[in-house]
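Taken one at a time, structure 1 and structure 2 that follow are two forms of one protein chain, written as structure tokens.
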Structure 1
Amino acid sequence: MSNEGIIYRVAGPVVTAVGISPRMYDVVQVGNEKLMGEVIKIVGDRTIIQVYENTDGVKPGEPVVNTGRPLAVELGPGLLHSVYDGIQRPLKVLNEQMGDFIFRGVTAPGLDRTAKWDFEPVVKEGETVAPGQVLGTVMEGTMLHKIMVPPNVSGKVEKINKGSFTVEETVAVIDGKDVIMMQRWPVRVPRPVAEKFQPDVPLVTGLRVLDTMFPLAKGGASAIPGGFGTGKTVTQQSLAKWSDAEIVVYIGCGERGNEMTEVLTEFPELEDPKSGHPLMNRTVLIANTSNMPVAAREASVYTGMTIAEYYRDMGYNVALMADSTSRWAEAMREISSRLEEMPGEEGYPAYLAGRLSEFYERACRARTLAGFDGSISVIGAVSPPGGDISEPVSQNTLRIVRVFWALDTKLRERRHFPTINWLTSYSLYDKQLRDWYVKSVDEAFPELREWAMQTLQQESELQEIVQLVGSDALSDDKKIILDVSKMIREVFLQQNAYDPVDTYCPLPRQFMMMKLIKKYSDLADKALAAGAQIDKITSLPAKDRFIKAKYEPTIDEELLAVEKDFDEQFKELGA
């Protein structure tokens, strides 16, 4: 097997080499500058390589060296609070070495080789350990980082050390093999688990429109398509801050430079409401802007997913944000065209659906090899051109994911945030999560949700009539429906991410708010039947108090007072 050859042809990021005999997905060094690339196709004696860096100036005849290893990431203490590019080069380290622009052919290890970590063993010498079992722990900021037995190692612990070590120093000897705190794992290979569970536990986000209307299960996958200015980034930041996931992995895949700059500057300043420390202490950022080479963009989603799987194996719940999968698909389209493959719909490769499935299906809630329960929940942002979700990336994504949060430009224009359209969004997890909501919140929760959705649907139908003949032509009972649906929209679904009280709404409070709206609806129908005038019903003081209650610091006490006001004021109307 030959490990050295020469360049035969260069076509952008796609390079053809001869003289080497690699395996698929082997990493190779291309040209005199040793640019990093990956084998993506082998035809006879020719090897097709996608290069993760700019190939300007690279010419036929330059050397190509096969490393014999697939693209892999380094996993161990030091991942959290890091900012990487698509192939796990630490951007902070590169910035210190060469400024704002990365030179070609430059590499840096993903994990700091000089930092020492206090290793506390949890097994004893003489014990027999299996792959994935925890050997010991270190504190990574505020998170407990579990050092696990590598998946290909098992046997008797001959030696276990305690103290401060770098990620390359030996902490244990198992059956004659030295074990260090760092693992390398190929990004395209899913990490193994002992058992996968049904997605029957929700990812609680504190956003009412998500938790109540369109819930995402832990270990599930959702798509959030959003045009410019629809609040996609703010929604993802709210999910990162408030969801009950312990670890956040954010992949900025092909985003515009200014948008990625916002993320890189805002995320470090966000405070984690759970601990009071910076949110970055439990976050890994992968930044791959649209002007970076497309091949690295294609690799970035796998890099992020592998890091997420590593923390899942420790028993953590991980929220992975991929922003955006459309840019990832565009990178695949560009590479596919340079490979002269038969194009599919709109020029995307025929295997687009398969690649999207491979990525989203790595999301799961599982029993790890160590016996922990962990999960990866994927929130994949989609950026359809012109907001048209009939294009291939959106449609193929919708076939895979079970939650669709449709961001609406018209809602943005009406200053309704989050701009998630309640008529076009959906969640297919609601039936599986029903028992959890009944047990953990209230047995009436699922029925209240269904009632709210029906009311909003009725409003949509009535609005068509209103636009034709005006609201005065409606009967009083129909006017009550419009009034109630307006309360659902403006009091319940609308939520201010920047208000200290309204930014997070726990599930019991969400239930209480929806219960009050249902109570208002029932009492309004009863008062109307008793002969009360529609104007007096819709102008009750308690209703105004309810609208303002969600911004009050004493909101829970205020909601109880509103309920009491409803009873008293409707009693005066004869209800």
Structure 2
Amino acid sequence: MSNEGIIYRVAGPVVTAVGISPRMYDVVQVGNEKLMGEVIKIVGDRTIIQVYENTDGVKPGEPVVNTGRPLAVELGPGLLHSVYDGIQRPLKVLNEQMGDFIFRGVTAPGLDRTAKWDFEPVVKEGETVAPGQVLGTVMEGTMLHKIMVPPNVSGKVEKINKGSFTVEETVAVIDGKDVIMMQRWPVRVPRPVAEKFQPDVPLVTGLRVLDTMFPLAKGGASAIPGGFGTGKTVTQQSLAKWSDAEIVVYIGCGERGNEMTEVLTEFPELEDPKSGHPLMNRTVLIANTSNMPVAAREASVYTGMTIAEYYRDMGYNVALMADSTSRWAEAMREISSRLEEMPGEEGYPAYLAGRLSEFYERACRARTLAGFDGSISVIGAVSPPGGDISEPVSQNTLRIVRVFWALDTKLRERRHFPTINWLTSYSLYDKQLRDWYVKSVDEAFPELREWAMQTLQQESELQEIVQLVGSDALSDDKKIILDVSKMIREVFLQQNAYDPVDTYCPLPRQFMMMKLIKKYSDLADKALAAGAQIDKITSLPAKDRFIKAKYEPTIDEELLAVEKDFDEQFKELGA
């Protein structure tokens, strides 16, 4: 048996070859056009290959060549600012090479071979280095990119060069081996870390409902399930724009082409609120739209994850958005059914749960081999059929992730955005993050959060009564609860992603807003006890000012003014 064989059978993206003896998950070139494929099954002398490109017209008898290497991505400077398909082909280069449509049989390297990077060594000749250790740095746009010792190299640094190099030129010689800036890493294998630890810092997103109510920890994983039109993509994009991760990897997995275009036109124009540079400078986009080959869609989440791990290894906090993991699961199902495997639930392969947990487990906060503290936070969108989360992908995801942001069609119909349902969502990180909030925001933060959650819970119970008998039947103190919870919903939970001021709300401001709502609630109770009329309380002029304050450029002063107004106007009511 050699590395060259021939095609025996073609059925869609699944091709059977004979005459090669590859290892599982080796990459093979299929047919006269050298289409890229991956070995997914070996039966006797037959090799089953999933092909990442369209196989129309491919015939039995055409050659198959085994490359002997697993599917890998190229890692090095030049990743940021790139837009790739699911197997790391740069879409911009493909566009230049073959025009506006993606045809098959075209390859382009993931990293630009001609770009030069200024390499600044941080180790000296004679030092001993181990895999993962930082050799030197280059500036990748506005980000500091650390060049690390490749995984299979260690020993004495015999030579290290300073200057301008391409990713393929030797920058160092270690133990007799030439080291270049580019590494290759197989996508299905997690990159190693020294130690994983408990996440205890939140990923601050500027979205009030997330940061205050259902926080995600840096290094944690969350799921956003929701039917179509509930705003999964808008939420994902908001997070990509505003979360305090240093690097964003955004995987458009089997989603709309026009949506990727929106990201592609918007991100280069948007400014990173912290650095003032375009957001694109810290972003890697993977765009494998729904009509691009299904096998490449299956690979796209691994490609994105490996790139995320590479930046984590430099000590960065990375946020990885996968939109949507359901499309990924469907790609698995499609390939599995072509392989005529025994199906599990709803036709999904029996290994669905295993693959999902392997993927989400790659989210972590860790000490890297070089001794940095880095993290990958994963935010996975789930698109359950009919919005019903009892289906296998949602359920298997919820068993793994610790944060659940439930999107709600009913809220969408009411134009309540973000459509995150406050009664069904949860975050299991609230205890772990408690100390951080007490230390970094305010001592009273956890209590205030609990109070708000309880008020909303009370509201939902009261609403059931109101549905039956109307709100007039409620006692005045209950009416206050409805009034306060309405304020929580309209002022705090609703947030306009398209408003320049409201789109991002820093944590201290979130705290301030919640504090004001609590103040209103307390004063209203007091006024009621002092005999004030309920109508006077609910139509307090300062309320209107409060609702509009979040769109004012001078919002923080406005909030202080609202606080003063509350004090004064309630005083008139006897509180």
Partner chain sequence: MAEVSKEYKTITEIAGPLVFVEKTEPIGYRELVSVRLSDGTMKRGQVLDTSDDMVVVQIFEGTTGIDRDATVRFLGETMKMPVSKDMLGRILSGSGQPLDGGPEITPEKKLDINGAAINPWARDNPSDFIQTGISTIDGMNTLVRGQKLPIFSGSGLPHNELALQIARQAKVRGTGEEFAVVFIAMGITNEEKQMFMKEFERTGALKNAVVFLNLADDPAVERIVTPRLGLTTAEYLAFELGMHVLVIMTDVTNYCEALRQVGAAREEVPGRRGYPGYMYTDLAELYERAGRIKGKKGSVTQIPILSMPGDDITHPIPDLSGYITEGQIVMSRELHRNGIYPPVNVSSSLSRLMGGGTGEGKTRDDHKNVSDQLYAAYAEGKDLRGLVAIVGKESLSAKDQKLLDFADVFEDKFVRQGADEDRSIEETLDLGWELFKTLDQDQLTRISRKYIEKYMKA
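Values in this document were obtained by computation on a predicted structure and should not be read as measured data. Please note that residue numbering is based on structure 1, beginning with 1 at the start of its sequence. Definition used throughout: the rigid core is the maximal C-alpha set that superposes within 1.5 Å between two forms.
**Q** When you get a sec, tell me if the form predicted in complex with the partner chain is 1 or 2.
**A** Of the two, structure 2 is the form predicted in complex with the partner chain.
**Q** Once the rigid core is superposed, tell me how far the Cα of Asp567 moves between structures 1 and 2, in Å to one decimal.
**A** C-alpha shift for Asp567: 2.4 Å.
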